[in-house]
Ligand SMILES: Cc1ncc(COP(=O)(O)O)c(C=O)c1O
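Here's a solo chain for you in structure tokens, the form predicted alone.
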Amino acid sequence: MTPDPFRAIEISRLAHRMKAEGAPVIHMEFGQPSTGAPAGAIAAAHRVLDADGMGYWESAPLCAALAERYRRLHAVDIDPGRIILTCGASPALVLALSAAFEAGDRIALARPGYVAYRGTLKALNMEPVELACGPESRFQLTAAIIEALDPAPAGLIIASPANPTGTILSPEEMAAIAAVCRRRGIRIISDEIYHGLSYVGAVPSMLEFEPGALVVNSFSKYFSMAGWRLGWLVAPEDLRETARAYVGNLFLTAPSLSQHAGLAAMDCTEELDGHVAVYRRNRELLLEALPRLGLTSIAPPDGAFYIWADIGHLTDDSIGFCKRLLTETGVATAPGVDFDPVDGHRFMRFSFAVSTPEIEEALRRMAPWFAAQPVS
């Protein structure tokens, strides 16, 4: 099956073309920090470049440090050998799906949800079972939704904090989801790439409730290292060797330089938490200003760095709407159809992983533009 196109990439190409022509573009279309890797990670990379020829390698110290992070943050003991380093979270998702499921398996996921879940499932000849999640469930899956599925799917993908909404599952709901899946024989893949980016307190890992879950994570978001392409998969013991066989055949190893830098980044919490403080301020500015733009129906942005806004009173064409917003104001955003092919035509996503002055300037530009849009 052919994956659907990622429309935000089309928006971004237009934005970069406009920028190359001299337009003052503000990039709020992609979920990537505008900051670079922390200073300690960059310094470590410079040292390694001068001293190490590098090659195919998996860093045992990095796997051990990640295992210690799970122990410290989630009180979960993980054998570092269960942690498989990957070239970002996307290969980790491919590994998880390939190790746990077969072609033709039905995998449930929330709608709206990250476009690449659907696309990766289709590319692996698995069947996405998209479940509509609206304001009544805070745009998240619930144990009741999963319990009602007939027949039960082979697997379930959850994300908390979620993309595009930023919503976070409560510990009680995660425990209930784990219990339903355990009873019904549904294997869980938990995308925890936005851990570390929460504005409402600690975020639990699915490993606290289901030790057999496969957990995907990355250095791209909290650690601000998107371009370094470094992620990991926590594989359950029964799938550990299968996942390692897949990574060896499909991807070999994560970049050696990135592994050295990633280990150093784990000690840069003061700098990284400073980024989170900027996102928190940006979030506050948007939550205060968007209602004045007429955007009064949004998902609760508990974490990550997104706002998922209903624009159904203005358009039923989110792609065209976001293109017009970009060409007429220079503010690039993501159309909702990427994340929800059914109802996303009336939604858009703002990423606030930029500087606070950029958020302030984007709001200054958007205020008169939104005020001029006719209500349908």
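Since we're looking at a predicted model, the values are computed, not measured. In case it trips you up, residue 1 is the first one in the sequence shown, and so on.
The form predicted in complex with this ligand is left out here; the points below concern that form.
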Inset, instruction - Would you kindly say which of G166, P112, G88, G262 lies with a heavy atom within 4.5 Å of this ligand in the predicted bound form? - result: G88
Inset, instruction - Name the residue from S205, S220, S98, T142 that puts a heavy atom within 4.5 Å of this ligand in the predicted bound form. - result: S220
Inset, instruction - Tell me the stretch among 235 to 243, 88 to 96, 172 to 180, 197 to 205 that has any heavy atom within 4.5 angstroms of this ligand in the predicted bound form. - result: 88 to 96
Inset, instruction - Would you please decide whether I84 lies within 4.5 angstroms of this ligand in the predicted bound form, comparing each non-hydrogen atom pair? - result: no
Legend entry - R138 within 4.5 Å of this ligand in the predicted bound form, heavy atoms: no
Inset, instruction - Tell me, yes or no, whether R118 is in contact with this ligand in the predicted bound form, where a contact means a heavy atom of each within 4.5 Å. - result: no
Legend entry - Residue contact check: V247 to this ligand in the predicted bound form, 4.5 Å heavy atom: no
